[in-house]
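Only one chain is given next, in structure tokens, and it is the form predicted on its own.
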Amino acid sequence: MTKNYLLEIGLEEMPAHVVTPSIDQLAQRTSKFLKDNRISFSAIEKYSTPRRLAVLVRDMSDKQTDIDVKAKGPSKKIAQDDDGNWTKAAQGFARGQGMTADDIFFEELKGVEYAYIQKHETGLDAADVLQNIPEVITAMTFPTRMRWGNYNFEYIRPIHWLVSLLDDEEVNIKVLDVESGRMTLGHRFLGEDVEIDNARNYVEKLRQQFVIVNAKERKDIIRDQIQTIADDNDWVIDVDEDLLEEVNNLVEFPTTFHGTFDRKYLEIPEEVLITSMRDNQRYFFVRNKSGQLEPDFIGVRNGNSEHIENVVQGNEKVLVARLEDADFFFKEDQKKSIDDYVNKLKTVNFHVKIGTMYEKMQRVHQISEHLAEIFGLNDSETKDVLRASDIYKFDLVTNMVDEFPELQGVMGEKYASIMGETDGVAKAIREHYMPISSDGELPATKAGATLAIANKLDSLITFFAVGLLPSGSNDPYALRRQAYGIIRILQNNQWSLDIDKLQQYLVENLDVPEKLDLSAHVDDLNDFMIDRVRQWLYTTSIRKDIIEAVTSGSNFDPISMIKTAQVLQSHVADQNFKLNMEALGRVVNLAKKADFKYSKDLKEDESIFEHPSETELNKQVQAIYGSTTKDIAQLYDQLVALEATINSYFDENMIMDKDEAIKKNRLTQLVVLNNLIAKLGDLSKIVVK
């Protein structure tokens, strides 16, 4: 026999962004609770609004599954004394199982006899098990929490009511001073308190009180109503899914409406208008069939259509006030020059331990100039990135960005164009923030990509210079995101950049005050960037051991590491891959025994070679060094071609020879060869079977 179980947690209004992850978490925790307690069910339905989280467990068994348990206890020599009497250990074991020592029997396990008890556990009624469901409620976690009353307990918002019903029977539970019942609250303004007579009637009972608890149903209603308005007015509305999700979690009974604003405000950049409508007021913006922005918007009300005209007028009034401010700021900002704004940046701190925003731009100019040469930018692109690097933060001190911080970069591009800068400079100013998330849009222009890398690199090297490194989950300056953005931009443009060599160049050439010791954490920053390469590679289908191998070698060029991983992955199915990796891996492992490192001056002494394999390996390795190719795929082919020679070398030669000169000479050969292998990574990490 099965039943339906309803659990509803009634709360004060939750932030919109918390609702969906919270109901997902409640469903997952409920599912785990039931499975851990041996209660079967067919499905868990999720219901949520800003004021409630609820799950309806369908076809739940009315009792736990019976189980037979074979419990293992102490060894026989501990369970019985020399006379065969039960010891306290045995009696305690039996008592803990709810049995007596007479129920103990012995079985051998790996040559040792142990005490066991076989017992049958009859399942409890589901109603009894559900008495512990509050542990599911109290175990939930949230990004922000609060306390209320005199309790130390923290939750996303205060709990005001609980509903716990097994079909039509109440399952009494309690959280703090809130006891469960069958009463829930309807819509705050349109509905009334309502009694849930049976768990299966939950959805309809609340619908009668103007609460649509099914989040998908609410979302579909909003989407359909928006489309109806669009069709009636011949509009095109791109329904932003993130905004739809947010609006949906702000209402219990949605009704869409549309309002208008004066066409004169269309002279303001549309990014400002969209930000005002979408981000600030949670409105959907409107375009005509030609793709042009219209002086209209669509909002969603938490209620029905009664007196909707008052709602429209109120929303129009609020929006117009924002647009008036935006219009004023837009006109006022244009009364000053870019140079005026740049000079103001001399008094704006980038970070108190690092310096001003103006000083940051000066460093970024130097970095950009060096990167432009490395990346092979043409004269026009170089000119654009250098000009952009001189001014790219100017919009931070404009009125518009002060009012709408999310428009930094966007307004920089707009104002730069208005004030006579080239398209390349203007675009680079906007693109230097990209990507703004781990999977965000990347710069489309080379000047913008170069400036974005230079800006992020400056942040990394300066924060590391003053010891402000990310630790654990603590990354207040988003350095991980910025480093990952650099990797993505490099990969997107296929630009090689040796991070270690770049740091050495900056240490020697970048103009910085004494307080910025760029040499202090060079190795830490190298490791930090390699971790971001590893992070990017983990998003691909490349094997983890290959990823660990290529990120553990002597390479500090992200693109080279990525290409190497791709080359190795392309060869894993080769017939000789295992033998090739074993041979090269053997070189890697033995080269580690040398107490010296590779240098360009390191040479083998051919006069003390004892076997032909030494001469042959030396000849083939020098041929690879003499090759002009820088292609990873060709280097791989050259190295795996050494397999037979390497095997012969190890067959004929004792590396750790008693003669110190011979030992050092052979280790020198391996270190020289390993310097080539290390360009592919630490191949000893590759798993071969």
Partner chain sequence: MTKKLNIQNMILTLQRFWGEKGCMLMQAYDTEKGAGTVSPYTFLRAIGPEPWNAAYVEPSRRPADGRYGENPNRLYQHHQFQVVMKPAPENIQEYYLDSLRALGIEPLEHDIRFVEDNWENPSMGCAGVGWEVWLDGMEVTQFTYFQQVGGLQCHPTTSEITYGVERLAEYIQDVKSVYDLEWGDGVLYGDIFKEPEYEHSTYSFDESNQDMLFDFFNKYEKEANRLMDLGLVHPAYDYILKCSHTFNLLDARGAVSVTERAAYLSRIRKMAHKVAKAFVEERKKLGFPLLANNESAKEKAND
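Numbering follows the first chain given and starts at 1. Treat the numbers as computed from the prediction; the structure is a model and nothing was measured. What we label the rigid core is the largest C-alpha set whose atoms superpose within 1.5 Å from one form to the other.
Not pictured, yet referred to below: the form predicted together with its partner chain.
Proximity of Lys593 to its partner chain in the predicted complex: non-hydrogen atoms within 4.5 Å are absent; the residue sits far from the partner. Its partner chain in the predicted complex comes within 4.5 Å of a heavy atom belonging to Arg282. Although the partner is absent from this view, Leu469 stays clear of its partner chain in the predicted complex, with no non-hydrogen atom inside 4.5 angstroms. Although the partner is absent here, Phe463 lies well away from its partner chain in the predicted complex, with no heavy atom inside 4.5 Å. Exactly one of the stretches 553-561, 595-603, 144-152, 470-478 approaches its partner chain in the predicted complex with heavy atoms within 4.5 Å, and it is 144-152. When contacts are defined as a non-hydrogen atom within 4.5 Å, none of Asp66, Glu195 and Asn198 contacts its partner chain in the predicted complex. Shown without its partner, this chain lists Pro513, Gly314, Pro405, Gly96 as candidates; in the predicted complex, only Gly314 has a non-hydrogen atom within 4.5 angstroms of its partner chain. Shown without its partner, this chain lists Leu584, Val410, Ile547, Val300 as candidates; in the predicted complex, only Val300 has a non-hydrogen atom within 4.5 angstroms of its partner chain. Counting a residue when any of its non-hydrogen atoms is within 4.5 Å of its partner chain in the predicted complex, there are no hits in 562-584. Phe328 is not among the residues whose C-alpha shifts by 2 Å or more between this form and the one not shown once the rigid core is aligned; its shift stays under 2 Å. With the core held fixed between this form and the one not shown, Gln575 has its Cα displaced by under 2 Å.
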